[in-house]
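This document opens with one chain alone, in structure tokens, the form predicted on its own.
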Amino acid sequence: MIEGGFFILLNVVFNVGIYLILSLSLNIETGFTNIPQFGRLTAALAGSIAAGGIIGRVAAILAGQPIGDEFIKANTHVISEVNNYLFANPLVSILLLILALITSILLGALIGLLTALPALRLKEAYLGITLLSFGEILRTFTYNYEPIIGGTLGVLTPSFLGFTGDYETITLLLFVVIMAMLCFAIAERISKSPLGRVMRAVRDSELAIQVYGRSVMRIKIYAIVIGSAMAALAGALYSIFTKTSRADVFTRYSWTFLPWAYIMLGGVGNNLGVALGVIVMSIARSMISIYKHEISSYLFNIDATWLEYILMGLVIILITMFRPQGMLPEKPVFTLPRDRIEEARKRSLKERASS
């Protein structure tokens, strides 16, 4: 029972870490800049490709293994040899892990730029559908074209921290949590920076921004590039932790719908609210997964396979109807500290009274 509880805890922490990064990336684009980002899986899949397809081949070269057709057809054997090499060379393993994350961030940013340039010429629903289409195109192409990450079977991702032995899972989990905290700090920094304020201004009134001589297109490109880079990091971490890179894992439900649900529940535009939404919903999803058969018996014997989808859809409907601002609504962001604003207000009132 203790082992089962520990496994559940690890699963919850892992989901919180991955989806916090993913949801923060979506919040930068949607919450700050009002971009209907329905193609979040595009950058996440790019991050997985970077970890398993690109850095996996780099590791194979260092281990003296093939990177052509044999890398795909005999992937289990190749990665086994790669893992043996990495186990004997911890420093190389750490450097490759860092390289995998950097590559995923750069590839995600590039994918974001390439999708933003044609897509941002559209507005509202058309923009959302276009971004969604880019994700489906990349996923379908990767799923059916083997040389990238093995097509339908996928490829294994090297065990970059395999040298830690029995502590590998805990070490990876701790690494995911650290990356999530770092992304949260970056998102908060962006939120309170001049760039974050301009993003919110674009969200509130594009016309006002144009009047002040700022490029709405450029600000939106910044948002998509930053968000895509962060989402690609989440995809890379997911593949590194699960030790596999497969296109069919990156579904619209897991990598687009769920992040939307998390930020809507927590509070669109509020990073702390997003974190709260991720934690609450991750715990709820884990409980549903564990007790879905018991719960379904009380709900007209609904097939337990579809229970999570039904309940998640119901949550979205209820949030939209009764709490559209989320659990922690966005708060105003001031250029100056509150105490200085209050001092300036009192000074202004005194000057008016004296005059």
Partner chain sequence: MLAIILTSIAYASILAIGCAAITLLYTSTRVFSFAHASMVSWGFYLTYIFYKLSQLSPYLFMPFAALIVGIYGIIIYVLIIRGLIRAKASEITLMMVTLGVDFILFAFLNILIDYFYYNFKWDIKNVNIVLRDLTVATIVNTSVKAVHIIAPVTALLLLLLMHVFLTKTSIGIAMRASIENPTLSSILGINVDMVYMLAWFIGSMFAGLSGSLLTMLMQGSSTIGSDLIVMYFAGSVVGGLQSILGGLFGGLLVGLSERLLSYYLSSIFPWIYAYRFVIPLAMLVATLLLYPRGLAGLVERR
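The term rigid core refers to the most C-alpha atoms you can superpose between the two forms while keeping them within 1.5 Å. Numbering follows the first chain given and starts at 1. What you see is a predicted model; the values in this text were computed from it and never measured.
Omitted from view is the form predicted in complex with its partner chain, to which the following refers.
Within 4.5 Å of any heavy atom of its partner chain in the predicted complex lies no heavy atom of residue 197. Although the partner is absent here, residue 87 sits far enough away that none of its heavy atoms falls within 4.5 Å of its partner chain in the predicted complex. Proximity of residue 165 to its partner chain in the predicted complex: non-hydrogen atoms within 4.5 Å are absent; the residue sits far from the partner. Shown alone here, residue 132 lies within 4.5 Å of its partner chain in the predicted complex, counting heavy atoms only. Using a 4.5 Å cut-off to its partner chain in the predicted complex, each of 252, 314 and 317 places a heavy atom inside that distance. Contact with its partner chain, judged by heavy atoms within 4.5 Å in the predicted complex, is confined among 202-210, 119-127, 174-182, 266-274 to 119-127. Although its partner chain is not shown here, in the predicted complex the stretch 28-43 places heavy atoms of 36, 38 within 4.5 Å of it, in sequence order. Once both forms are fitted on their core, a CA shift of 2 Å or more is seen for residue 292 between this form and the one not shown.
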